[in-house]
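Two forms of the same protein chain are encoded below as structure tokens; each is given separately, as structure 1 and structure 2.
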Structure 1
């Protein structure tokens, strides 16, 4: 019917109706009377022993019903055992009468309550009948022509396609999904950020080393040894290999001096700097450690050349984990070293960078980092949330960091950073970072994630 209907040979209207039907038990009762009536009927004037009564097929059910209808009574003290007697002369088998009404098709004469009662006793059931009312369709004919689903090479060759009718394509369904591989959404975003840096002339830093010494990660950046970030709670320390060695000795001495005594125009922190602290190996807490190594290398050059460096790589923090924080995440970092760079230049380069992300409205807030001064938090206006949200951190590296390396005094180094996970989670609408990074990720999300277009 469906296929005829689909080609409009017929038109079909679905109708449904309900009616009441007797169950098997109900039919039995309609014929023979209800259990309780039969109990009544089986009791002779002299009565019947209860045990005999119970032996009858309708006995058990009928007995309690007849008792509650007060048609019979039991004399428990009778000799020969409890004996059942009639209490009335005659009875009206109402149940049977009701069922007979239904059987004859007159169920409407019964009240809803009565029907539901009988339904509860499993004597009646309500039945839905679905029917199709069929009429001739717009393309009615008494012959059926088969519709082709596809054009075949044979039809083309023989020319038989001219006489064929073709089934219309079903545009409501989806097509066949191609069997393909997929790239991870976080890596897709990374590729785009990498592209942005390359477009701006930035060179990629060699950040393929997760293990770093405290010296390069903290001390060379003028972060004091008592700083909370160097706590057991925030940083992963290594038990093996526990300590680093081979530091550029004279540079190390200059770092020690600027921390403990000052110099290069600075008061310093005035505490006892210990080389043992600096030797401790850690999992790097930021890629700025690599920037420090690169800037030191730059300072060893005969002649200073301006540079632009970037990196996007993994960093590790031993902090409390929650829906948006994991022990490992990716940091994006950009660094520019040149003579005479200003704070205005830092803002300019940030504008250029964020414009490539489609963000043009920026605001800068004074902030604090141990290794930059001035420091700025970068905010952009979120049209959806109607408020300013932080999109990155930036600053000008302190002289206490740059001068001990040996960089010329008029060289300024500006830098900024942000995490890779945050813009990815915003872009792909992911709320829990574990759904994005790590093995618990749902591969379906990876399969379905769109191309990464950062500027929209």
Structure 2
């Protein structure tokens, strides 16, 4: 029919009509009666035990319906267990009568409310019947001549095109989508986060060194060498090259002293700090190692200038793989350095940052981090889950971390971080992180995912 319509041999008008039909269960009830009526009919004058009633195929549904209609009652104190008795002499099976009306084609006699109640019980369904009214078209013929779809050089040379019938162009038809690359959902969300940081005046930090020394990853952050995060079950260590050797020696000595002896108003950790531990190369466990390098570089300037840094890149941890954890993931980090910054400034900038993400309900909970004090976990109210969920971590960098770098004493640095994978999974409705990253990724998902827009 479509081919005849396209060449105007016929014209077709779509007509549709609706009517009500009984479901399989509805047909059974029209023949045998409703579940509640059959339950009523199954109860003899002396009553029936509830357990025996429930063994009937219609017992469970019919019992609740008959109870709500007050046709039956249950005597829970009866000898031998709960027993069901009739409360009325006779009943009128209105459900069956309504279904019989529909079966006979008299559904118009029922009110919409009654139809919807039967539909809710899955006894009735509304069926739409589509049909086409076909008439002769403007080019009607009893024979079909194939129309040409393209004009060839041979037709032009021979002049045969004059006798040919050409298929009219359909200017409304969609063109063939060109094959091209598509951004991964993770990268789409990353682009949005990056744009938010840039709008807030932040500068992106260089994060192209996945391999980092333990010194910059842990020691420079005032994280002790016996900390559990530095064990092999949490961190990936490199075997070749196993050690790093290029460190600012004066800074390394100040870090060693604040760890082992204390200083800058701190008593330190009071242990024998070993340069051999600091030299070990690892896959970085957080991008805060990059922040440490950038803050040290800032401290070497002749005159301090306030800065706002951010980074979004991969980090690596020796995690057990499951639906929410991978051995590598992306960390989003923001860092602000200025004179006199307080916890209030951190809360304010977090409110501004998360508001741009469309998250306005925030709570802060005290937490512990080795290199920030005070520290806070950030929670947001999830409207879908109807509860508060953790969305990030934050804090003020400790003096034991900043002062050995050479930063002025009145300079404070506030920072916060969150993962990129969690908001991406929420945005695109992905429940298993392995369906977002790794060999199980469905490439069609990458092709079909819409542009990421984080509504503020």
Partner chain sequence: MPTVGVKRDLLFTALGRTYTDEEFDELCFEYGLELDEITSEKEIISREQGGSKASGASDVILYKIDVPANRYDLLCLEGLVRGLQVFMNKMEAPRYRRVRPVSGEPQRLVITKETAAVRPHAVAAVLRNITFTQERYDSFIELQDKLHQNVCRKRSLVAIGTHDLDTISGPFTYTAKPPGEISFKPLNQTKEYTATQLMSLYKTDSHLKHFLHIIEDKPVYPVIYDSNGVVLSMPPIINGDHSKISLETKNVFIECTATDVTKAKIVLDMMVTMFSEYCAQPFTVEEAEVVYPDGKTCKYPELAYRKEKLSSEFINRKVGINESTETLARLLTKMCLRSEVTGAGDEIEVEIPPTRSDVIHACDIMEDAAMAFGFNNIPYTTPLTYTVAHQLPVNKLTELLRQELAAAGFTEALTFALCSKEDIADKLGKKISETRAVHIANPKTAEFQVARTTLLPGLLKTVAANRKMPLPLKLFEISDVVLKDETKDVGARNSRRFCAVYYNKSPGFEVIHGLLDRTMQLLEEKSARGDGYHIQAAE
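Positions refer to the first chain, counted from 1. Since we're looking at a predicted model, the values are computed, not measured. For clarity, a rigid core is taken as the largest C-alpha set superposing within 1.5 Å between two forms.
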Note to self: form predicted on its own is structure 2
Once the core is aligned, please say if the CA of residue 163 is shifted by at least 2 angstroms between structure 1 and structure 2.
-> yes
Superposing on the rigid core, do we see a C-alpha displacement of 2 Å or more at residue 301 between structure 1 and structure 2?
-> no
After the core is overlaid between structure 1 and structure 2, has the C-alpha of residue 399 moved by 2 angstroms or more?
-> no
